[in-house]
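A lone chain, given as structure tokens: the form predicted on its own.
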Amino acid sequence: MINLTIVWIAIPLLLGFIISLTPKLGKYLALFGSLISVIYSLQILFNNINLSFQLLDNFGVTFRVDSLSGYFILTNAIVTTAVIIYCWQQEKTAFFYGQIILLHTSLNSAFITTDFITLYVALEVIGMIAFTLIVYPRTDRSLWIGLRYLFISSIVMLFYLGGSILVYKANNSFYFEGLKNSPPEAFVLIFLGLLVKGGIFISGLWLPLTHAESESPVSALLSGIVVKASILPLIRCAEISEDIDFIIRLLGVGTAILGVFYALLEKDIKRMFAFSTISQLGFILASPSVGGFYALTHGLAKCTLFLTAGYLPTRNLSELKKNGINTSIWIPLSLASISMIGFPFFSSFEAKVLTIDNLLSWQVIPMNIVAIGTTIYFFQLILLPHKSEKDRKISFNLLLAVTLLIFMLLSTNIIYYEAYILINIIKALIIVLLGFLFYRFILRKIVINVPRILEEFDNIVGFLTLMCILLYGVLLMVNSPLL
């Protein structure tokens, strides 16, 4: 299995090189690379593999392959496959497909590594490739968004690297486990990097603009899987000690609340999706031990939403409510929305039940409130007026991509079938009903323009300092041994 894992990581790198030599085969080779990851991840999950190995002694490189990483790898594989199918008939160059497959393997590397320095390399490569995909249209707007993304990403990774060096100084290794024996500065610097890259709590306010203004397939990649490259390491760190687990759970609850608040008041549909991603990342971190399954269901649904959004006549929700949309677009949009609210028969229902069952007592009330909030803003999409428009053709590749994603949302419904007991179904239906009533009688009558001042570049940089103070404060609050 070790040799198979090394080959699995190496093949997409080789494919990226071959694509540059044979441009006409670009999309075929990229699709082949993502399908290999589908097979590899299914083998991990079906065989319940738990494997750890290292390549270079105490200096790294260490890897861990288990069911947790298997869920993230499967998410990466399906999302990448769907995006490639979506772009199949578009005039994308071999460079585009080469970057996608390199991004794919870099994400896989981040999902299985268990040392800080290898993770640093993977996250830096992911950031640079994401930058090239964001600026791919070469418009003034995309260049600014891309440079903004690259600058913030690079700055926080310098902090992260400093924290990694402190871990090595204290333990003579870069292993994640060394964090508990390291000075508090190491914890703060490493977590600052991971939280900003992952879009967690107030440090996540820099991501919605990037996700909303990128092309639809790039937005689907960013929101569906790229942000999760920093989430899995946080989950791994939660396993180190109860104090770190508590801190991550606390940040998860705060992130979920912040994201749902912004999403409820947002009138731009792609920005609403982006803030929804922040909120859903909070769900993953609120219950770290079962976050892999939730990451899978979220990635599939969010990829569907962003790909479908590319075919909407406008991003303005008010105009969509007034003029309606094509039924062919409404169907996948509403199905993905139904999945996001955790309706039974979708795997998201099982993921939400599993997450809530593993919450601590103090988390239950706020996370259930967030679940109701999620239902409220997704009802805006489910209840959109729609009609058949024969004169407006919908891309076959879009339909094929979203069909794959929705099929996976339905078929993965067998993973935690124990969730289908009467009490869980009743709770889910009550949440859906409350969300509908709040939307029908309250949200529809509220018009609030949320100021975007907190998302301005100067304020985003200022949040870096604020997050450092916040992390130190949380360490003091829990009286952590890290101090």
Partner chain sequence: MVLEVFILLTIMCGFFGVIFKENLIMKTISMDIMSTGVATYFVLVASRHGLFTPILTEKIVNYADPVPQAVILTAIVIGFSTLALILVTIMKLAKNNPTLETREIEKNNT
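Predicted model only: the values in this text are computed from it and were never measured. Numbering follows the first chain given and starts at 1.
Note that the form predicted in complex with its partner chain isn't included here; everything after this is about it.
A single residue from the set F96, Y120, W88, W330 has any heavy atom within 4.5 angstroms of its partner chain in the model of the complex; that residue is Y120. This chain is drawn without its partner chain; in the model of the complex, the residue among I365, L383, L265, L143 with a heavy atom within 4.5 Å of it is L143. Remark: of stretches 451-459, 65-73, 434-442, 31-39, the one touching its partner chain in the model of the complex is 451-459 (heavy atom within 4.5 Å). The candidate site formed by F131, L161 and T465 is fully in contact with its partner chain in the model of the complex, as each residue has a non-hydrogen atom within 4.5 angstroms of it.
Using a 4.5 angstroms threshold between heavy atoms, I369 stays clear of its partner chain in the model of the complex. Among heavy atoms of N172, some come within 4.5 Å of its partner chain in the model of the complex.
In the model of the complex, no heavy atom of F261 sits within 4.5 Å of its partner chain. In the model of the complex, E239 stays away from its partner chain, with no heavy atom inside 4.5 Å.
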